[in-house]
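Consider the single chain below, provided in structure tokens and representing the form predicted alone.
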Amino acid sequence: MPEIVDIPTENIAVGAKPKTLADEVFSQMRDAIVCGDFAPGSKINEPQLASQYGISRGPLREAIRRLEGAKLVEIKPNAGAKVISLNKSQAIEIYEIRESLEGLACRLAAEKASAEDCRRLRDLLTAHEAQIQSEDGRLYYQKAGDLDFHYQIVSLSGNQRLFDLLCGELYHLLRLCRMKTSSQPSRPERAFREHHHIVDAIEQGDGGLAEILMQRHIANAKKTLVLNINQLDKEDN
């Protein structure tokens, strides 16, 4: 893991709050958990991480508490912190929420998106296509925020409460689940095609179709995730 260093002040936007060491550690650990660099259920070793990140225990503990708030880490008295490990029923619950709420977000986006919004979505998918090709179709990993197709769709919905639900507390749990399906054979290219069909519906202003396509897209991902979990359960037994 790279050592955390202070961010040069010239790289901080005017009026923005400078990032602290805890901010940096939180971001790096969050992405490491989502990508699977920290195994589900694994214990957080504070001395080891403090040494690897080159920071004191104070900022590290603050970052861990924030990871708990993001539902990516569990902290239990006298047991310390460990990385979240979602079982099948928990993962299905998350996908059921996604299917309903992201379908709604997609319908609202179709009603409100401008031609420029759609162009940005196409540009994002072009970048994603290059990534899929570089991985020979093995992986479709979307970075957080504006580089995430689903995040962009929810943003275009124009519904702040919906955005807070899907891109706040639930967001990185959603990314964690999505990461589990992104490396499954044939899923990356299929997901990419589904994304394009969704943008087609948004460009046409067809909210009903956009909602159906997003719900179908997430339902397909849920099936892939359940199959993956079932396969892992068989291997463990």
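Everything numeric in this text was worked out from a predicted model, so none of it was measured. Numbers follow the displayed sequence, beginning with 1. Superpose the two forms; the largest set of C-alphas matching within 1.5 Å is the rigid core.
The form predicted together with the DNA exists for this protein as well; it is not shown, and the discussion that follows is about that form.
S.K.: Even though the partner isn't displayed, in the predicted bound form is Pro59 close enough to the DNA, meaning a heavy atom within 4.5 Å?
M.R.: Pro59: yes, in contact with the DNA in the predicted bound form.
S.K.: Is Gly41 close enough to the DNA in the predicted bound form to count, meaning some heavy atom within 4.5 Å?
M.R.: Although the DNA is absent here, Gly41 would stay clear of it in the predicted bound form, with no heavy atoms inside 4.5 Å.
S.K.: Is Gln204 close enough to the DNA in the predicted bound form to count, meaning some heavy atom within 4.5 Å?
M.R.: Because no heavy atom of Gln204 falls inside 4.5 Å of the DNA in the predicted bound form, the answer is no.
S.K.: Tell me, yes or no, whether Ile229 is in contact with the DNA in the predicted bound form, where a contact means a heavy atom of each within 4.5 Å.
M.R.: Ile229 lies outside the contact set for the DNA.
S.K.: Specify the contacting stretch among 74-82, 122-130, 107-115, 90-98, defined as having any heavy atom within 4.5 Å of the DNA in the predicted bound form.
M.R.: Answer to the contact question: 74-82.
S.K.: Though the DNA is not shown, can you say which of Leu209, Ala70, Ala32, Ile55 has a heavy atom within 4.5 Å of it in the predicted bound form?
M.R.: The option sitting close enough to the partner is Ile55.
S.K.: Ser56: with the rigid core matched between the shown form and the other one, does its Cα shift 2 Å or more?
M.R.: Comparing the forms between the shown form and the other one, which are aligned on their rigid core, Ser56 does shift its C-alpha by 2 Å or more.
S.K.: Align on the rigid core first; then say whether the Cα of Pro47 has moved by at least 2 Å between the shown form and the other one.
M.R.: Comparing the forms between the shown form and the other one, which are aligned on their rigid core, Pro47 does shift its C-alpha by 2 Å or more.
S.K.: Does Asp206 shift between the shown form and the other one by 2 angstroms or more at the C-alpha, the core having been superposed?
M.R.: Moves: no, less than 2 Å.
S.K.: Specify closer or farther for Arg161 and Phe26: how their Cα atoms are spaced in the predicted bound form versus the shown form, given a shift of 3 angstroms or more.
M.R.: Those two alpha carbons end up closer in the predicted bound form.
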